[in-house]
Structure formats: C-alpha cells, structure tokens
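Okay, so here's just one chain, in structure tokens, the form predicted on its own.
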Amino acid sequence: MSARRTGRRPGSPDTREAILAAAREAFAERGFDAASIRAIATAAGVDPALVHHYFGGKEELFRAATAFPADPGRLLPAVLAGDRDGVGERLVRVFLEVWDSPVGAAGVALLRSAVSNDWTARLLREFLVTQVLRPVLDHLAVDPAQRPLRGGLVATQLAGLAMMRYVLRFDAVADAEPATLVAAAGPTVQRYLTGDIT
C-alpha cells in the first residue's frame, strides 16, 4: 500500500477556480503590482508552474480574476496610434466599441457588482489603473506627480459614461450615436490627460 502524496495540489478541474479565488483575494488586498504569481500559487496550494499553465502571465491572470471581457493590451494600440491630441477621442471611441459589443454585457455586470461590493470595486479600480490608465499615461509621458489625479479624472468620465449609457440608461446618453459621445466626451478626456487641470 503506497503512502498518499501530500503537498501542493496537482492539476484538476478545481485547480483553475482555486487559483482564481486566490488571485482575486491577492489583487484586491495588495493590488496588481504587489501581488505575485508565487504568493497566489501558495495561497491556492499549487505550484507556480500551474498558474502559468492555466493563465500565462500575471496580466492574463488579472484579467481572468476580474472577469473583464476585453484585453486592453490588444485595444490600446488603436488608442495610442496617431497624434497626441487625439488620444482622448480615440480612448472614448474604443471604450464605446467594447461596451456596445456583445462582450459589453459582462462589463455591465462587473460595473453593477462594483457599485455594491467593495471587493469587486477594488479589483475594477486596479484593472482600470494598471491595465488602461497607466499605459496611456506612460505613452503620453505625463508628469508622475500628476498621474493619480489625471487618471482619476479620466476614470470619472469613462465610468460615468458607462453608468449612464449601460446601467441607468439615461435616455439621451443611451440612445446617442457613438460618434456624438466621442465628440462630446473626447475633448474632456483629452484635457484630463494632457491639458490644464488647475
């Protein structure tokens, strides 16, 4: 009779969910930057290699943990390509394209949950800061001292637009053509990114 092996859990149908649960807790508690694959693997009781096997790198794991339906890494090049003064409008345009698409329903569910659940709110905030706002602000070489405020102001516009168009469905905003919203909100987002905010 062989002794039962103890230690870290091998791959199983429950392994992926255990990793996601540990990742959600780590990202919500410590944030994206401070959470590590090794610590998440330890909390899930698995080898770090299994985390990489199921999810690839930390960014992929983070996206899976937040259940956000779109990959900013694939969308942001369209925002950042072109002149600096058009980033705001391109950001709003891509934002609306994602939220108006079939995957937008998952974004709406995440936003609804974030409003009533502090843990989900922390995950969504980390997602916006590290996966969307940081790359845009890095690309624009925004003064590090101004990044928190500028990023927060951009987030107010995007989150407010999502809330009014997709959750509360404020008629004039919900029924507006995307081009109308891009023209109206884009310049404000651009000012928050690169303009005078004093």
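Remember, it's a predicted structure, so these values are computed and weren't measured experimentally. Throughout, we count residues from 1 along the sequence that is shown.
The following text describes the form predicted together with a further copy of the same chain, which does not appear among the structures shown.
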{"query": "a further copy of the same chain contact in the predicted bound form: Pro187, any heavy atom under 4.5 Å", "finding": "yes"}
{"query": "Touches a further copy of the same chain in the predicted bound form: Arg84 (any heavy atom, 4.5 Å)", "finding": "no"}
{"query": "Ala183 within 4.5 Å of a further copy of the same chain in the predicted bound form, heavy atoms", "finding": "yes"}
{"query": "Residue contact check: Ala141 to a further copy of the same chain in the predicted bound form, 4.5 Å heavy atom", "finding": "no"}
{"query": "Site test, Leu111, Leu133 and Arg191 vs a further copy of the same chain in the predicted bound form, non-hydrogen atom cutoff 4.5 Å", "finding": "yes"}
{"query": "Region of this chain that lies against a further copy of the same chain in the predicted bound form, out of 142 to 150, 22 to 30, 35 to 43, 55 to 63 [heavy atom, 4.5 Å]", "finding": "142 to 150"}
{"query": "In the predicted bound form, the one of Ala70, Leu50, Ala155, Leu137 near a further copy of the same chain [non-hydrogen atom within 4.5 angstroms]", "finding": "Ala155"}
{"query": "Residues from 155 to 170 in contact with a further copy of the same chain (non-hydrogen atom within 4.5 Å) in the predicted bound form", "finding": "Ala155, Thr156, Gln157, Ala159, Gly160, Leu161, Met163, Met164, Val167, Leu168, Arg169, Phe170"}
